[in-house]
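This text opens with one protein chain seen in two forms, each one given by itself as structure tokens under the names structure 1 and structure 2.
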Structure 1
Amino acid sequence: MGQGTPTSLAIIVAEEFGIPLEKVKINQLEMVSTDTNPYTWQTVGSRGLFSDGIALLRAIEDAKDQIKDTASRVFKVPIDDVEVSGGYVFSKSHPWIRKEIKEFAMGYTYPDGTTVGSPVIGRGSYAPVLNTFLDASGHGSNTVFHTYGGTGVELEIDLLTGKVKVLRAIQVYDVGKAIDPLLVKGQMDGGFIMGLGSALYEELKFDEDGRVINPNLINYYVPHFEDMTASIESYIIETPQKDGPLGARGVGEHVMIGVAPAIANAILRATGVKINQLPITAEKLWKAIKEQKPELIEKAQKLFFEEGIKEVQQV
């Protein structure tokens, strides 16, 4: 659960009740405990905030209904005249009649010790109603929402080795509503690095018997800090998702989708060489250039030797 979802959920609670964020506690250990939580599907498809957020909003609404029920008896007003916001519970028709939310958390206690109501425990759940299994022909629906955006890169290619160095990346994604813009940009940066890994480095290798010969992170290469040569510029567009929590939709994994196509297109534009097999390793790219545009390598070799001769002459 490292996607930042608990922080966004805490922000939702704070906004809905109008209380300081530091007053909201999310037990992250309990969130992933199968001893205390019912079954839910994986956090795939960037659905964590979307699904959890909707369930949370329903739980908040349930909690507010309980508070309103107790407050209507305390304030002696109809339940539909009670409002819960801004950290207070108050009468809409008589707004001066109000008390802090915390006074109703365990049920309301009068000065003489008598009580009204009970401890507030909000409950909520969410299950996508449009999801179906996919059949053999590809029909069905396994998505809840769509996140749109794009990625562009600037890169340089060493024609003598085939090594690609990404210099700059620009990402623009419509996230619906950025509940926490800093977290969203962190997800976008992380998504780019994941995309860089699948585009240039990560590859399972097999022997002649079909066994994986690089089953660890020593031989299965993932991007390191020294590989992050690109400056990443991330831009957020907000078009609220009507059925999303506070208008939000997922973004984390979506960002990585455009990285490999952007790199492949940049290579095509720079060299005229088309490569459509991932990862685009230096060896694969060099072979592709050798097959499709051998004159580029010949020109690079000529320039390399000419520069070498110049250096020798200068010495």
Structure 2
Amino acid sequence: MGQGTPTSLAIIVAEEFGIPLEKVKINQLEMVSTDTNPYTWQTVGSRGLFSDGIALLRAIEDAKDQIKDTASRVFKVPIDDVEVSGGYVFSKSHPWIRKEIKEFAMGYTYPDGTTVGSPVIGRGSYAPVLNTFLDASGHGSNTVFHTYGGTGVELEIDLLTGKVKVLRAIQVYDVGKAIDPLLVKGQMDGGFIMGLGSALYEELKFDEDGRVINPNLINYYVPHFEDMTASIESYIIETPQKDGPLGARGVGEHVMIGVAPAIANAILRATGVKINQLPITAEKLWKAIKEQKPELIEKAQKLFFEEGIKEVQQV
């Protein structure tokens, strides 16, 4: 929890029924309680909104069917002629025959007190179909959707110490449909920060007996405020996922994946030094430069001592 899934679910409900967002209540505590609710598996694979969203849409369909059933009897029109949207239940062929959705919530009550239908409780469930385990060679189909995108970075390397500073980041991800763009942007920027941590800093270190030697947040460093890049641009593309809720697919973890390769490739382009182990700490990069491109260090030293100091002396 925490990625804003409940907010997006609420938006779906509001849109489907055409009611104000404030009218939709998502009981977050209940949502995560397996005592009172069915288990929805973890929010792994950034599939929270995808799966819950589809289940929710099915529940909405179910609720609408119940409303239509009651309404067809009240309106005296065939059930196929009843539509639920924009906050109203109405007859498609005689649109002036309409009532507010809320009048059907508990079944319909005539002015004289007689009732038709029953309280509306929609049910829906979702489980991915056609998914398989991966076989020994890694083949199989273990996801229901694929989110595509890319990350680019601009960085600075201190050749003499190996310290990397990421200055700028650009990311573009196709999320199918951004149900709440502000939340999607938050997931993208936050995913970048997390990716930055695993690319440059985060590593559990062990002693010979297998004990963790950095069991704290000083030596297992996670990104802090000062690590945010001077600029970040996150762009959303919307190519609908046909089987996704309102066309959406997952985003969140996906954004993290691109960061380390972008950084490693930027380093490769700038220096010709290949690094294929994370995190790329200053020490690791310095060692790699020394092994793969010692001439770069010599050049930087030369620059520091000769041109650098001459300039200073002239002042």
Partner chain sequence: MKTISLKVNGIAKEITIEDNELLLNVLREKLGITSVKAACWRGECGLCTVLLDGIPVKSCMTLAVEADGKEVITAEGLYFDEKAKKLMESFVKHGAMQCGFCTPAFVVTSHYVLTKNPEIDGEELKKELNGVICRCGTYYQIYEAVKDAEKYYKKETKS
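Quick note, the numbers are simply positions in structure 1, starting from 1. Here, rigid core means the biggest group of C-alpha atoms that superpose within 1.5 Å across both forms. As the structure is a prediction and not an experimental result, all values here were calculated from the model.
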{"query": "Of structures 1 and 2, the form predicted on its own", "finding": "1"}
{"query": "Residue shift check between structures 1 and 2, rigid core fit, Leu167 Cα at least 2 Å", "finding": "no"}
{"query": "Core-superposed comparison between structures 1 and 2, Asn219 Cα displacement 2 Å or beyond", "finding": "yes"}
